[in-house]
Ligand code: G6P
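Take a look at this single chain, the form predicted on its own, given in structure tokens.
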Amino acid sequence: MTHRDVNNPILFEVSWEVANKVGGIYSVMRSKAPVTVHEFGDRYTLIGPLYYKTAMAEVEPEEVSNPYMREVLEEMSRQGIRWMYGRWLIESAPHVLLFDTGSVSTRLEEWKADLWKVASIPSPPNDQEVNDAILFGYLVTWFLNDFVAREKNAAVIAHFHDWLAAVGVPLIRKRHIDLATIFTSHATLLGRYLVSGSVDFYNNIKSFNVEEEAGKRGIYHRYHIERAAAHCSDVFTTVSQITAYEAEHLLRRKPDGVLPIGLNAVKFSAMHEFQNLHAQNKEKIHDFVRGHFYGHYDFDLDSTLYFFTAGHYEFKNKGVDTFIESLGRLNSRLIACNSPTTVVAFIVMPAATQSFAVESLKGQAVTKQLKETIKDITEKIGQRIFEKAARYAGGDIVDAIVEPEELLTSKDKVFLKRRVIALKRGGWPPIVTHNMVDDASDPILNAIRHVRLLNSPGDRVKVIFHPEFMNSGSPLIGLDYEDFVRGCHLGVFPSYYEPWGTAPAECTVMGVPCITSNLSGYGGFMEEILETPADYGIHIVDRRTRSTEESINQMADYMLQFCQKSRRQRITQRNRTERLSDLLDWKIMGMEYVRARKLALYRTYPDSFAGAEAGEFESYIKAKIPKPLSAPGSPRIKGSGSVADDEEITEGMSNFNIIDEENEETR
């Protein structure tokens, strides 16, 4: 191979979801782009499929600046291939190159035959997704082969994400193209199919006949694309340790390392700022709850906690089944201990709906009318008080004061009575905010009914299923997802199958404590880096070694313990949780990608590295983060045995970065 400069390599990152939102990888590529552009600058290009409808909104076309790339693309154009080059319209505006697979559809059969001949990968005639993957893979390989033939100086790295973009990996290996390859599995294809059935996945993972299981599910050819990519790449990675364990047994290659998914964390200049956001957004959730429970609004919002789970509708994989069951047990325990706390649990997952439920809309309307009527009456009362006081011209001062019976006129009382009467309702508040397409067979609704959480007056746990993602334009809650999360007290994500887990990570970045599981990539990551995750507001349910019954009880225990915390304890815990956001930032997580690229270069160009630089994929985590200080030493007044006052206590705790000067409103 040609001697190349490994210190200033060129990076191509290949994914089906570049400027093409299909699933979660789109968010990964989009959020990671700024740190990669910061490292590589114009030496970084993302490659994806060209879908004109989405590309016109996502990409700003521009001239190709790299002369070698321009030569290759011009030659491909002469061969009838259509492509688009430009800037992805996201933060950092990285270069993107999109190929139109439809422009080479006439070569499909030729390339299918070649794929079988070169890599022994079969391809059935009627699988459009596989056909697109093959066309895209051959286009990417064509481009990369011609590019490295012209670019003789710099080393080239091609990083492929998931099986749809991975056909090029075995082709590059078999054709001996002079570049380094990385393949990242965000979740194995066979793993997703296995857990979607009733298979006891993790207990049987070592004994699966993978070829047979893939064949039974009609994904034999797809499975072989993914497996070939894992075996033919210079460096094979996954997004978490749990996915690495899965890949080792299903793809039959142990990953070289883990590339966890980061976020672009927004840090506030003062700690109280994110606490204030919690208070502001919580008040908007209060408004919704008052309306939703009209007629049965008999609980104290100052003693109410908001729990939530959210994500794509995967009833078992996301752990919604265990969440609902544990809510039923939490309800029994709160009633048994006569707790004053009420829990309102939101389940936010998109499902097939017909429209908003009339009862949900009515509740918001009647409480809004009541609020406006009271505001109007309050303004009139203030005007009466002012007018009488302003007319005071001397004499008995009592004559300038409005008597209590004069505050409300008969007309005001009539209007107020009308609004209050409108709050009467016949049945209990609904458990779902929309009219479902198939209410009777919906798994979430049936699970809620099974545990009898029907929002009855005696329940301490209320449940609201919101079957669409949060939107600030909604007539119900009227909050975007991020603001809704900030307003809640606890996120619950006890996933059974979750390669990473962006939702609990987002909670952490926003300072919201969460419950996750050790079968999620995020839960495993936190167990790996924290000595005591619970002290930082990260409660990890053991779903790997415990039975389902034990896991449900453990989760109910975690939620009960959270309900028993004082307001100050919750504030302190949110501060601790938010402090972890730096660990999840791409500036830190991106270092794992740096190590993977270095290892790929070392394996491809070993002579370019000194011995000390030889490729070992070592995580940046060298030691676990210790337990946080629960409290400072008791502040004392010098020379006195008396107890310190509140100001000294607050100052002492602030010195330890344990709490900010909390506002009691930010509960």
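Here the structure is a predicted model, which is why all the values come from computation and not from measurement. Numbers follow the displayed sequence, beginning with 1.
Omitted here: the form predicted in complex with the named molecule. The next part is about that form.
Student: Identify the site as open or blocked, taking the pose of the named molecule in the predicted bound form and overlaying it via the site C-alphas; a blocked site has 3 or more ligand atoms within 2.4 Å of a backbone or C-beta atom of the shown form.
Tutor: Blocked pocket: the modelled ligand, placed by site superposition, has 3 or more atoms clashing at the 2.4 Å cut-off.
Student: Note which of H292, R222, K112, K282 lies within 4.5 Å of the named molecule in the predicted bound form, where distance is taken over heavy atoms; exactly one does.
Tutor: Residue within 4.5 Å of the partner: K282.
Student: Considering non-hydrogen atoms and a 4.5 Å limit, which listed residue (H466, R595, H186, H278) is close to the named molecule in the predicted bound form?
Tutor: Contact with the named molecule in the predicted bound form is made by H278 alone.
Student: Can you say which of 431 to 439, 566 to 574, 369 to 377, 77 to 85 gets within 4.5 Å of the named molecule in the predicted bound form, counting heavy atoms only?
Tutor: That would be 566 to 574.
Student: Taking the named molecule as it sits in the predicted bound form, is H161 near enough to touch it, meaning that at least one heavy atom pair lies within 4.5 angstroms?
Tutor: No, H161 stays farther than 4.5 Å from the named molecule in the predicted bound form.
Student: Check whether H489 has any heavy atom within 4.5 Å of a heavy atom of the named molecule in the predicted bound form, and answer yes or no.
Tutor: Because a heavy atom of H489 falls inside 4.5 Å of the named molecule in the predicted bound form, the answer is yes.
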